[in-house]
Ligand code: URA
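Shown here is one chain on its own, the form predicted alone, set out as structure tokens.
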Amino acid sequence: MSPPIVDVHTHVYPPAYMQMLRARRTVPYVHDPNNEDPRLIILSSDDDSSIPLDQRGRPVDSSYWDITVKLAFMRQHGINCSVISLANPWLDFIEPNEAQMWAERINDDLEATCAEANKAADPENALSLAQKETLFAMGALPLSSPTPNIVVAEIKRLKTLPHLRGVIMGTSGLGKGLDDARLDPIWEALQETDTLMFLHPHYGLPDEAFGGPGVTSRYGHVLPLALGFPLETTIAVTRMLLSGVFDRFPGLKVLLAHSGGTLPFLAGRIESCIHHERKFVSGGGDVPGPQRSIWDVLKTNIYLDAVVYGKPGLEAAIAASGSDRLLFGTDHPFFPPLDTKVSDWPSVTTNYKAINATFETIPDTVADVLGGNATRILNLK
């Protein structure tokens, strides 16, 4: 029997979430006055008043919210299991007094969606993971809540939901980044409950980093998505390292989107700069600095998805964290084929080709990256 293929990076906007976005007029929002051609505006750079409303952001279709479309996509591309998660910007923008309600509502919806889909696929629960299309989920956190205690309570509640296998969050944390000391109760709860955190970028870099609004509008989403997102992830994790998050919480488990951005490639340079920083105690300063090596953190705390689209990126990810910590993903429903004559998604087939090319002489490792690692790490049964 073939081993299962597990997609750990695949998003969904539940209908309730879409309804909320349709009612908004500021980022994030959905523009669709005629209920025919929805446009999703989730990046601040897309909300340009010089661009007509019906041309801002990106067009979205039922693949963003209809789970039957997700399951069809899985069948088409040979994927047995998807670990679905709410896409950016998650619940970061929710008013504090509504954050807990929306988190519980979204997470309960995700649990129900997984339960219903799995029961329909295998009513007798007699098939293996590789014989059906199965869903699990990453929960969303009410990070805008008035107190971290509400977030901690939701982390603990998620452990009672049978199909939840982790949480997803962005790089803003409680609004000041992931080196914010106020996040410590949340890191502690994730560590104590052995909950994997899927860290995903959203905020990118300022337009000025790419040459200003004129340049970014000229090239569409290429600069913010290809460069801004990976650098955002790299900066966020490096701030966690520098502030001692991994020293204080050595059992914290973090899955990084897009193979960790540029972190695997830049890890040696980051480590060298830490060793030569005079502000840290080791250099004669008064700032503690990180106590653990970035290489130790990469091989102990960090997991990487394989959404990097090429052999060189995968080789860097393996060198940094190891092939046993690398997990297949698709980033569905983003990056659909622009050529309507193409049925398979190039964003998916490119990842398949890169994984097979990287491990062409060791088929067992291909199987592990495509599904075995995720099955073990996320306890997918």
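Everything numeric in this text was worked out from a predicted model, so none of it was measured. Note that residue numbering follows the sequence shown and begins at 1.
The same protein also has a form predicted in complex with the named molecule, omitted here; what follows describes it.
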query	finding
Contact label in the predicted complex: Ile42 to the named molecule, heavy atom within 4.5 Å	yes
Phe229 within 4.5 Å of the named molecule in the predicted complex, heavy atoms	yes
Thr216, heavy atom within 4.5 angstroms of the named molecule in the predicted complex	no
Touches the named molecule in the predicted complex: Arg58 (any heavy atom, 4.5 Å)	yes
Stretch in contact, per heavy atom within 4.5 angstroms of the named molecule in the predicted complex, of 352-360, 328-336, 65-73, 22-30	328-336
Listed residue (Leu225, Ala115, Ala121, Ala130) with a non-hydrogen atom within 4.5 angstroms of the named molecule in the predicted complex	Leu225
Of Asn107, Ser172, Asn88, Ser145, the one that lies within 4.5 Å of the named molecule in the predicted complex (heavy atoms)	Asn88
Sequence-ordered residues of 166-200 touching the named molecule in the predicted complex, heavy atom within 4.5 Å	His200
